[in-house]
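There is one chain below, alone, in structure tokens, taken in the form predicted on its own.
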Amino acid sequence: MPTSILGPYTRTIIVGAVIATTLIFAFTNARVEVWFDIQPLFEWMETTWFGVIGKTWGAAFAFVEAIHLLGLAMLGGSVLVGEGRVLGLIFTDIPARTIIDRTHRVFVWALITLLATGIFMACGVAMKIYYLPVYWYKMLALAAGILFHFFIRKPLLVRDLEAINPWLLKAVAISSVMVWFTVAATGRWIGFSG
């Protein structure tokens, strides 16, 4: 396998650059122009079947929101258990590889659940969330979390944990918890904002 100019940390550097570019974009005036350009998309979302059901049937929206929260609990639990094992705080009698692999499977299913139910809920209140700055912060945190998990954490933890610098493992585990806590906190903030 040919080596890149960036060395063994090519994925990490690329993901870091994407996140940094997105953050820079989020705090510039170019963001405002793109924001106005996507307003028709949010208007259209409210006219879809998901949007109509979410707006007119409160029970359907509440049911989907409950599933969304269960998915969030599953995702949060998988992150806490997986990172707790990487840090050596919990389940130390079970091999780390077993915990990491099983929590990753739960994480993937929880993420799929969150994305599917989140799209439904967003369609029901599309114009409301369009004007909420915290919604955009959550989407930024969610994108950062997905990129971090699949392009930094997962490739790193495929290797034997004994061969990885313990400080790097701890930094990755703590970063993962912080990123997903930010996603959950901004999601909860949306509930308080409107």
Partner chain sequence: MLNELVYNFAVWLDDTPWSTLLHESYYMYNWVESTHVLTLMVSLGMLFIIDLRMLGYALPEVPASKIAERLNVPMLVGFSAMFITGILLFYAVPVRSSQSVWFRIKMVLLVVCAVNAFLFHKRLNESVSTWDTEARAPGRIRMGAALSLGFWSIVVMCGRFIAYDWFDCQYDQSALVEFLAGCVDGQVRF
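Positions refer to the first chain, counted from 1. Keep in mind that this is a model prediction, so the values were computed, not measured.
One more form of this protein, predicted in complex with the partner chain, exists but is not displayed; see below.
The contact with the partner chain in the model of the complex, taken as any heavy atom within 4.5 Å, belongs to Leu70 out of Leu70, Val52, Leu161, Leu132. Annotated contacts: Val108, Gly118 and Cys123 are all free of the partner chain in the model of the complex [non-hydrogen atom within 4.5 angstroms].
With a 4.5 Å cutoff on heavy atoms, Thr113 does not count as touching the partner chain in the model of the complex; it lies far away. The partner chain in the model of the complex is approached by Gly58, whose closest heavy atom lies within 4.5 angstroms of it. For the chain shown alone, Leu87 is not a contact residue for the partner chain in the model of the complex, no non-hydrogen atom being within 4.5 angstroms. Interface membership of Ala185, defined by any non-hydrogen atom within 4.5 Å of the partner chain in the model of the complex, is confirmed. Annotation for 96 to 128: interface residues with the partner chain in the model of the complex are Thr98, Ile99, Arg102, Thr103, Val106 [heavy atom within 4.5 Å].
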